[in-house]
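Okay, here we've got a single chain as structure tokens, the form predicted alone, with questions on binding and movement later.
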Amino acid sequence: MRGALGGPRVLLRRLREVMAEPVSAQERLDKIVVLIAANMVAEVCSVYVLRVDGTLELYATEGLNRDAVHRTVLGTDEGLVGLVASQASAINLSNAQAHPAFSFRPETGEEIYHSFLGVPVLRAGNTLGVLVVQNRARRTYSEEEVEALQTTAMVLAEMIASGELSALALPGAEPAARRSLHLTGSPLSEGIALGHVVLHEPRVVVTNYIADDVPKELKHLQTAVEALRTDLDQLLEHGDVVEGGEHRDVLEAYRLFAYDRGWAHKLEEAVMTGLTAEAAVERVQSDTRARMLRQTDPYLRERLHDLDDLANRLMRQLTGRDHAPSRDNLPDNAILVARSMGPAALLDYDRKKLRGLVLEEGGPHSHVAIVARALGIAAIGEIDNATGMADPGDAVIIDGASGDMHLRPLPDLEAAYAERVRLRARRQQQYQALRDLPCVTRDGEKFTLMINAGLNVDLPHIVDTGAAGIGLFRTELQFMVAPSFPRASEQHALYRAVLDAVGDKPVTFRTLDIGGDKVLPYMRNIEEENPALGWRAIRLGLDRPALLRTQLRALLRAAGGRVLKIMFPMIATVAEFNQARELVELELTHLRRHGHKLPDQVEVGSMVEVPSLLYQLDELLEHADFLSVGSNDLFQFLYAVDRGNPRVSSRFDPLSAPVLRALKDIADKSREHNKPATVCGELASQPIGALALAAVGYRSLSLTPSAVGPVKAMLLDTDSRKAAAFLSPLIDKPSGTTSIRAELEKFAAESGLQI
């Protein structure tokens, strides 16, 4: 080795020349191993490539028997090469044959070599292969030599990732860098989407790995690191996060890493081997990702996200790019892939070109999932390391019903999904034919099907689905997607636009339901031990009456000359409802005094989602004009289960006797008092759930727009009296199992119902 400053840089320059030569992939690899062996004074240099079948194939060698190339194949649990790949870390041995993992392959002729240095070939933390040097003499390779080999492995990573080596492989044994992957997460929004990957926060693509002037690159890196630290200091000291909260905690973590001398020293060392500043950041971060992806500690995995974000910030400092990703030039059939994102960011993309969304984080009840459903795009979440495995432009299929993601799918699979999309389109056409038909069951029961909404983009669904109105308008979505608190005039404009769009059809506006997991980015977050049970929804509104009264005034003014339906969320006592209703009366008095046109009629209702109301229904129905059942929260609170937590949410089923008994009590009491009751939770949007609701007495449902067709088709074929007669004994019967889903599915199948 000629020293850390001379050897690696000379090697990198020569590698750049080889990479530019118009030769075959095999010839290029053969030249590369010769160059590495000569530069490192090694008698052997070998490249092993990870294949789609999970094995490592010898692709090129200098020093071992050439006949072993493409013949020697090792498992990732076999030999020292397999150990390097599985651990994603370097192994440096003076006597390799004494190591318990050593595996002798006679065709290679490596029994005469003792010293061994193997490093993983990494890209975005994913192992693509292994690079090895060996010598006969028993020696331990220096830190400079290890660093040089790791740096060289970066160049190989790009060659493997480009797909150039695929031509050398037999079918089924192609390099794994471009392998087809099947990943499973959580369904967020139904639908099937075929398209190509667009990264929400695209990685900066390094095009120049080899530095022409190392001192200049080192200075460039140090300047960028200093600028990054200054930016973070300013954000923390002068930005919107000065008073604390979750955003400040995240930035504090960034700053802690940014000032870490070990991190900065690793970056500088990588530049000293001859890499450009950008390549040095990519290499250090790829090594870090590879190690941390193999950690099982969730805290350490979360720190990986912080380090990824910090590396991306530094990359943009080095390249002078804006931190905000561009939304321009979105390709057709785009599938957005992100670690996490807010609802406002999703709305920035061109809806006409966006087909799907993949998130590493985010559950079905997250804000962005709600917006994805409103936009009608397929979405899945909890896909681990999605941003590290997917490259921009990769073909991808996502199934929003099952939570499946197929990255770089095989042609047969792609054709099968394309047929499913065509079948789905035909079904939608069939549902469209039902649009203008009254929703009446076989036994003559009339049903009112409305949609859930919350944004302007939802309004065309009224016409598209033939819905009878909007049974739940989530007013908080306007607040969640806005950069600052919407003024009264902005709220008034939205509510008027909604009422104008639906014409004479009813709209039920739910007042602001924030708090808990719905934190507005411009409001100070109050840390609570149990936020779902804390200061949220009507509790926040009653404690901050100016906030609630501003919204009520905007609603009342927007509904001048029309019928207005207002609904309060998270009501736990009748006293709370009456207190909120009094604010409506105060605002009506104010508008009357100032000469504003009043609504022709104001109906005030309550959400039923807190179990305490189940024991106050008679009293509540004396004061409320209508009820709306939030089945999501009612189910959650009845079972004391966090429905966003997959470890416990799957233990219980909304189609259970306790839940259906509660829902039946609400329907029965509403009928006794001659007050309408609607179900607007997720249960109503599932045909099997809608069947159960029809059986326990509901005749008004509010659904996600995409569910109107399937639910209507099912109800048109249903005999509601027969369904009630079937379900009633199951609800009342003591049983060892609380779920009656299987029995209901059997009933639907025997009745010829599509669920």
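The numbering used is simple: start at 1 and walk along the sequence shown. Remember, it's a predicted structure, so these values are computed and weren't measured experimentally. By rigid core we mean the largest C-alpha set that fits within 1.5 Å across both forms.
The same protein has a further form, the form predicted in complex with ligand PEP, not shown here; the description that follows concerns it.
None of 371-379, 456-464, 627-635, 587-595 except one has non-hydrogen atoms within 4.5 angstroms of ligand PEP in the model of the complex; the exception is 627-635. In the model of the complex, residue 680 approaches ligand PEP with a heavy atom inside 4.5 Å. Among residues of the shown chain, residue 552 is not one whose heavy atoms approach ligand PEP to within 4.5 Å in the model of the complex. Ligand PEP in the model of the complex is approached by residue 510, whose closest heavy atom lies within 4.5 angstroms of it. Although the partner is absent here, residue 335 is not a contact residue: none of its heavy atoms lies within 4.5 angstroms of ligand PEP in the model of the complex. Of the candidates 476, 145, 201, 308, 476 is the one whose heavy atoms come within 4.5 Å of ligand PEP in the model of the complex; the others do not. Proximity to ligand PEP in the model of the complex, defined as a heavy atom within 4.5 Å, singles out one entry of 117, 159, 470, 607, which is 607. Residue 682 is among the residues whose C-alpha shifts by 2 Å or more between this form and the one not shown once the rigid core is aligned. A displacement of less than 2 angstroms separates the C-alpha positions of residue 145 between this form and the one not shown, with the rigid core held in common.
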